[in-house]
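Here you get one chain, nothing else, as structure tokens; it is the form predicted alone.
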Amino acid sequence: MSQNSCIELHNVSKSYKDLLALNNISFIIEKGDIFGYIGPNGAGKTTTIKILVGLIPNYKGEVYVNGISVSNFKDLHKIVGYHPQEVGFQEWRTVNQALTTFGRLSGVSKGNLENRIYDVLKFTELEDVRYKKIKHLSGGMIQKLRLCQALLHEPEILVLDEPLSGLDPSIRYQIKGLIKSLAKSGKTILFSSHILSDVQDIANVIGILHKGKILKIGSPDELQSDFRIGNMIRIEVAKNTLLYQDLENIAEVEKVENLASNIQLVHLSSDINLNSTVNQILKLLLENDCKIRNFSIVKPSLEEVYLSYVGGELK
């Protein structure tokens, strides 16, 4: 274990009969990280999570939480809060009854349980439905209730499996805000999704999983920077003035698209010094008296990066 790591997976594989769900995956989550675990449905995200929280004991490789092997970590449940895709709430019970049961199962002391239920309901803005039956809650409220049960015992690590699945935009926005707030309070968070937009604005590290393999891990900026194919420069000149037509003569330029009479998109080669090329193009435009109104580097979106990795366009 490295000094600042919280979770480590080393060469982890898991098979279900003839299906290889995880194929030799490895990654490290450091303390305080929000790790967005992204991949299509069936990629192996839930299997990874169940191994991490101790629900799948039979696997190959090593998994550590706070330096202790998960296979020998008797108190793992005390420091990890787990939000599964589905929590077996009995819908005829009230929110308070359900959280009381989950609190006792999580080891919250009887004397502290009342306060903890109040705290998590207030945090998720569910205090008004504390004594309502679960069958009367909306889908967004039930998803928040799942987060409540994961938080009851004040874990230092949160593992959230598809916490934003099936939510309308307003509830999705609220739960993203809750996750950010939890990270700011010092918790380490892993959460999975099959939708990149769920993770790109809150995760500081993203892991892309596809068909049981880790394809790439990095910060959002690193993923965009590493994906060099498609780097472009967008040039806009004043209306009723001419675009410079000889940019394709520059060795580092692959092609030039004219998007409008005063806008062009310059596609750059992937193996260039970007700063040097940008300076060269800008200098050339100024020397030829181009009346530049906008000059910007266009990087591929994270969505493009993700689709290209998952689509097999990159190794």
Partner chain sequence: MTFLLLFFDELRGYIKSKVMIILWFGMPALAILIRFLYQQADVEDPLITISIGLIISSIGSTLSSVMLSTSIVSEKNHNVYELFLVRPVKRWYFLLAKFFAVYLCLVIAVFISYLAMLILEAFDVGVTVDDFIEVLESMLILMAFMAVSCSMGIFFGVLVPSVAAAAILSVYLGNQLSSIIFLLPLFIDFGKPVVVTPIIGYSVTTIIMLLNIFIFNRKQF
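All values derive from a computational prediction rather than experimental measurement. Positions refer to the first chain, counted from 1.
Missing here is the form predicted in complex with the partner chain; even so, the following discussion is about that form.
> Tell me, yes or no, whether residue 55 is in contact with the partner chain in the predicted bound form, where a contact means a heavy atom of each within 4.5 Å.
Yes, residue 55 lies within 4.5 Å of the partner chain in the predicted bound form.
> Can any non-hydrogen atom of residue 77 be found within 4.5 angstroms of the partner chain in the predicted bound form?
Yes - in the predicted bound form, heavy atoms of residue 77 and the partner chain come within 4.5 Å of each other.
> Can any non-hydrogen atom of residue 168 be found within 4.5 angstroms of the partner chain in the predicted bound form?
Residue 168 lies outside the contact set for the partner chain.
> Verify the contact flag for residue 212: yes if a non-hydrogen atom of it lies within 4.5 Å of a non-hydrogen atom of the partner chain in the predicted bound form, no if not.
It does not: once the partner chain is placed as it appears in the predicted bound form, residue 212 has no heavy atom within 4.5 Å of it.
> In the predicted bound form, does every one of 172, 231 and 295 come within 4.5 Å of the partner chain, counting any heavy atom?
Contact check failed for every one of 172, 231 and 295.
> Exactly one stretch in 175-183, 77-85, 212-220, 198-206 has heavy atoms within 4.5 Å of the partner chain in the predicted bound form; which is it?
It is the stretch 77-85.
> Please tell me which of 241, 224, 101, 112 lies within 4.5 Å of the partner chain in the predicted bound form, judged by heavy atoms.
The residue in contact is 101.
> What is the one choice in 90, 72, 138, 245 with a heavy atom within 4.5 Å of the partner chain in the predicted bound form?
Exactly one residue meets the criterion: 90.
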